[in-house]
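Given as structure tokens, the chain that follows is alone and in the form predicted on its own.
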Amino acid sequence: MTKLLEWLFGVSFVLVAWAVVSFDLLDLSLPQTYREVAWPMPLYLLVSFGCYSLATVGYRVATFNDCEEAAKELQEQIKEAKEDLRKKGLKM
């Protein structure tokens, strides 16, 4: 089973459970408070996912490793390219 199918199965299971509780599709005679809590649940899940995503991106940016050696190598390559272009007559 691919990851896509796993996610689709999980999302469809949650949607079916939400629909059963919200619209009382199986006549379970659930209290009204269950429906009141279940109705905005997709919005809560969406906001929670957004907060998690933002926190993950922020953490990854904060802990990003500097590559001093690669930066020096890139600067040297830029200098070589500029010298090569000057030799060929390009003014910078």
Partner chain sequence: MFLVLLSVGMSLVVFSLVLFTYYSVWVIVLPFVDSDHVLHKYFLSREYSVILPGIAAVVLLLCIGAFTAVVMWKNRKPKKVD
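Basically, rigid core = biggest C-alpha set you can superpose within 1.5 Å across the two forms. Positions refer to the first chain, counted from 1. What you are looking at is a predicted structure, and each value in this text was computed from that prediction instead of being measured.
Beyond what is shown, the protein has a form predicted in complex with the partner chain; the following relates to that form.
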property	result
Interface membership of Leu28, the partner chain in the predicted bound form, 4.5 Å heavy atom rule	no
Partner contacts in the predicted bound form for 17 to 34 (non-hydrogen atom within 4.5 angstroms of the partner chain)	Thr33, Tyr34
Post core alignment: Asp27 C-alpha displaced by 2 Å or more between the shown form and the other one	no
Rigid core superposed: Asp66 CA moves 2 Å or more between the shown form and the other one	yes
Threshold 2 Å Cα movement between the shown form and the other one for Val57, core superposed	yes
